[in-house]
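One chain comes next, on its own, written as structure tokens: the form predicted on its own.
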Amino acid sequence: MAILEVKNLKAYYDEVQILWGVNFKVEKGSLTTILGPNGAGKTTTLKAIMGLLDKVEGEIIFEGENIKNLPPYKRVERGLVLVPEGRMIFPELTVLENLEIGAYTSKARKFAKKNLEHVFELFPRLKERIHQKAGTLSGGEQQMLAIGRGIMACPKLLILDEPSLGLAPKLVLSIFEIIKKLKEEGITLLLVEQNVHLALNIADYGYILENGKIVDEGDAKKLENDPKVLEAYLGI
């Protein structure tokens, strides 16, 4: 069963059209990835889903309801949660304060204590730095904090936008281990990622976006083992 279905999605920045009728779905309990070269429209797709763009056409169906006209905070209240590209943490606030901000909806506040324990189980390093200002953390720790803040929001669908961006290879592997663990815990995930092989290695299903259109899709293992697909669309 699809928890999210995007139908004929078109998005614009002012008068410039970026997405041209994008269609995809995310099955409940799965890890779905969207891949594509820089400028393909991946982040635009996520912004459209979250209600962060002014001009969007098409349908965004979440748990059976078209949420296209809902404001962003209402989408978050329903369980649609984005961990944005570039982390977007609050550098002057502590680790704990950043995490508490993630639990701002009434539902998330009820589960804040339990979710905080879960975050610290996943990221013991954050617990060690609980009262440290977020801006003093390393890049990898800031990414852990951004994911942790997303978990605090009680996501039904957790969307990760380029979680490996700017991280050292060793840290990238540890972040992907955490994403894999979240999947094993039953959290539904939508992953946009530049590291094609790592993304396809842990995903169930993949879509390839190029020039604002879905140009290929399939089982992640099938895509990973198809050199024509990797070369034609991803330059690998």
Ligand SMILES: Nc1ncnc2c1ncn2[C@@H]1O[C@H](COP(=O)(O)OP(=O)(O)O)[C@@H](O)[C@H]1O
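Sequential numbering from 1, following the sequence displayed. No experiment lies behind these values; they were computed from the predicted model shown.
The discussion below concerns the form predicted together with the named molecule, not included here.
J.: Can you check whether Glu85 is within 4.5 Å of the named molecule in the predicted bound form, heavy atom basis?
T.: So Glu85 counts as contacting the named molecule.
J.: Would you classify Asn69 as touching the named molecule in the predicted bound form, given a 4.5 Å non-hydrogen atom cut-off?
T.: Judged by the heavy-atom cut-off of 4.5 Å, Asn69 is well away from the named molecule in the predicted bound form.
J.: Give a yes or no for Lys183: in the predicted bound form, does one of its heavy atoms lie within 4.5 Å of a heavy atom belonging to the named molecule?
T.: Lys183 lies outside the contact set for the named molecule.
J.: I'd like to check something about Tyr13: if you look in the predicted bound form, is any of its heavy atoms closer than or equal to 4.5 Å to a heavy atom of the named molecule?
T.: Tyr13: yes, in contact with the named molecule in the predicted bound form.
J.: For the interface check, one of 35-43, 167-175, 55-63, 200-208 should have non-hydrogen atoms within 4.5 Å of the named molecule in the predicted bound form; which one?
T.: That would be 35-43.
J.: Within 111-140, which residues come within 4.5 Å of the named molecule in the predicted bound form, counting heavy atoms only?
T.: Heavy-atom contacts to the named molecule in the predicted bound form: nothing from 111-140.
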